[in-house]
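Presented as structure tokens, the chain that follows is alone, the form predicted on its own.
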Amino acid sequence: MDALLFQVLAGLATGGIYASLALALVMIYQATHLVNFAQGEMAMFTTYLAWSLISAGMPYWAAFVITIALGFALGALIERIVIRPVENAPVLAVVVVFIALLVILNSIAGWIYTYTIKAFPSPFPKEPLFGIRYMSAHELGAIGITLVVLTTLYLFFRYTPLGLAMRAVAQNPQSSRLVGIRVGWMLALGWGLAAAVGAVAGMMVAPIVYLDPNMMGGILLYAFAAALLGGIDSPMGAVIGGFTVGVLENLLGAFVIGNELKLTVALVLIVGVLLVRPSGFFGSVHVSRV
């Protein structure tokens, strides 16, 4: 029973990270109706920026806040400079741009920081928090930070005029433009928020998997599975899917297939959801008359 509880709680900790990155994927999908394959590399690159700030002597939480701001700026700039010129291009052309962006960010990080694995510090103590022996302090802290980020985003989109405008643009950009909403800036803001959320996910996962340019490859796959499971157009579904995938990954890896094959859990989920329920459990089903 102790082993089961340990795996479930550890799965919730990693699931929170998957939920954050899955939410970033959903935010971009709602704006462009495309999957941003470079989302993981954007998170990785901003995590390296955080590592640079911390290595230069900056306190962790100051570097944390600055990195979120830098991630926001990076996402907004990518939308304005890279994505905006191809927004009306064929879908395949935009997908190629996403893949090229992935390779470029990975290569720049490797060129600047090398491909040597680096340790990333955790802001939480090594001793268990609140006497909880089933979870490390970092795992418990990562869950807390993830919940704070998700709650903040929910309140922002639900109760602020800017958040409501972004939701309107995601649902119907043509009608939003007619009522005076600046659709272009809302899209840039959405990209910035998605990149900022990805930066938080990168900083939370880096102490666990260590820091290197390829660290987000498997994480992005789990996040994509979480987004599909919950519904690629459902923010709430992405969050629920992230925690679900995290728990399933740990339980199946520990008791069924072994840790060496844990990545296949994400692949099986992706294929299974696409075959059985492409809209996910919370996604909307679009029906058109032909």
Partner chain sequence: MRELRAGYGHTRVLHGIDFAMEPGSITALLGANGAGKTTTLRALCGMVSTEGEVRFSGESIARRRTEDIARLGIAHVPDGRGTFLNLTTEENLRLGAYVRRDRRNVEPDLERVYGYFPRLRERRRQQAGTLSGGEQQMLAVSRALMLAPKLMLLDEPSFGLAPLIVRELFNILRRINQAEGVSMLLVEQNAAMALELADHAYLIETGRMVLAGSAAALKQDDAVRKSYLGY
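Worth saying up front: this structure is predicted, and the values here are computed from it rather than measured. Numbering follows the first chain given and starts at 1.
Absent from the display: the form predicted in complex with the partner chain. The rest refers to it.
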task: Evaluate R182 for contact with the partner chain in the predicted complex, applying a 4.5 angstroms cut-off between non-hydrogen atoms, and reply yes or no.
output: yes
task: Check whether V94 has any heavy atom within 4.5 Å of a heavy atom of the partner chain in the predicted complex, and answer yes or no.
output: no
query: M186: heavy atom within 4.5 Å of the partner chain in the predicted complex?
result: yes
query: Is there any non-hydrogen atom of I143 lying within 4.5 Å of the partner chain in the predicted complex?
result: no
task: Answer with one of L150, A165, L105, M135: the residue that has a non-hydrogen atom within 4.5 Å of the partner chain in the predicted complex.
output: A165
task: Taking 4.5 Å between heavy atoms as the contact cutoff, choose which of P90, P85, P161, P125 touches the partner chain in the predicted complex.
output: P161
task: Considering the partner chain in the predicted complex, find the one stretch among 108-116, 172-180, 209-217, 68-76 with heavy atoms no farther than 4.5 Å from it.
output: 172-180
